[in-house]
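The chain below stands alone and is given as structure tokens, in the form predicted alone.
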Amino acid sequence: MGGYILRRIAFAIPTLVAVSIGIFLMVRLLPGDIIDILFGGDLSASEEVKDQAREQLGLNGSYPEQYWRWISGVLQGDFGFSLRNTEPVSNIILDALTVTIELVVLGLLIATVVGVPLGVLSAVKRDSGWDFVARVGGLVGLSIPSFWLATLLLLFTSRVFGWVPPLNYISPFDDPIGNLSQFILPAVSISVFTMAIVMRMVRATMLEVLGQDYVRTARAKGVDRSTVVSRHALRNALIPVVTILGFEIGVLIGGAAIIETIFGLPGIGYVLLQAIFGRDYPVIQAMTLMIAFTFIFANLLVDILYGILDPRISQG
């Protein structure tokens, strides 16, 4: 198992390096210039003054030189300073990451807690009324855009109950109840699509596993049906679902940008959008690299869980 984990880590490292190079180049290809934005279109500013500003901001030199300065700092934990307010990027990341992690974790928790039982119920009671309701609900969940659902939830709670989530971020350590009330609607909004995918995947894999010979043998031996479903079928059926959840972490982080903007949550997506509008290169690079790292790390965990759920994979 140790060798399998080391192989997966060795594969993840060059992937992350390639992603960092791509991020750096794409940021540099963004239209507009942070120097022009900072000078506010001041026509009296000479090129010499602008070159001095570029040197102070670390934007001088060739692209390989700029990339090496940036990645060297990242490896030392130094992401630089924001070009807009000179605040350390590491502080911006830490504040935003706390918000986004909580939102994504709550979204995944809701999607898993609701989607897995619905998928199992739909498979066990195939072609029944429960199955029909679950399948229709899955199609509806796949069809509803998260930003539309978020807007609808806001309108519904404000019109019917006269309540909207708090606008200022509430830390879970200061006020857990207030924090949950602030995050419940955004978490539901981003979880519905993932919930539908999980439900449909669990249903499909459960139907396949329930038709396997070892399941029929267990039933023929008189093993209780609930035991067959929970201990024999569900564990093997969850392997593809783990893959889906691993990919959905990256999808949720990316999709959280719009949700965070709608609800005013200062997460990674919201801060990244503001940095793009302001051409704040260090913040854009750091935030995008953080999203990529999270996605790669999540898939690394998925590979490890693969080996735990099915030891044959780690031995292959």
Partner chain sequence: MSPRRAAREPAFATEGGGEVAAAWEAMPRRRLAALGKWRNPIGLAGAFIVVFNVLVALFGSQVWRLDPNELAYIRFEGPSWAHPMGTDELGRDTLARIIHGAQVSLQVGAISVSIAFLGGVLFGILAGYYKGVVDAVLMRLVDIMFSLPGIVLAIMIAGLLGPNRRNAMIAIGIVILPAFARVVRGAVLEVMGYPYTESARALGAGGLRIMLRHVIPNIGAPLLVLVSVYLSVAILAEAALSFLGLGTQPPEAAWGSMLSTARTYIDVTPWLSIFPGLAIMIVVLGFNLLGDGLRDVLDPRLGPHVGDVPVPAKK
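Note that the structure is predicted; figures quoted are calculated from it, not measured. Residue numbers count along the first chain shown, from 1.
The form predicted together with its partner chain exists for this protein as well; it is not shown, and the discussion that follows is about that form.
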Tell me, yes or no, whether residue 266 is in contact with its partner chain in the predicted complex, where a contact means a heavy atom of each within 4.5 Å. no
Although its partner chain is absent from this view, report whether residue 148 comes within 4.5 Å of it in the predicted complex, heavy atoms only. yes
Counting only non-hydrogen atoms and a 4.5 angstroms cut-off, does residue 142 reach its partner chain in the predicted complex? yes
Contact of residue 68 with its partner chain in the predicted complex (heavy atom, 4.5 Å): no
Which single stretch, out of 200-208, 112-120, 90-98, 173-181, brings residue heavy atoms within 4.5 Å of its partner chain in the predicted complex? 200-208
Its partner chain in the predicted complex: contacted by all of 85, 104 and 271, heavy atom 4.5 Å: no
Listed by sequence position, which residues of 269-285 have a non-hydrogen atom within 4.5 angstroms of its partner chain in the predicted complex? 272, 273, 276, 277, 279, 281, 284
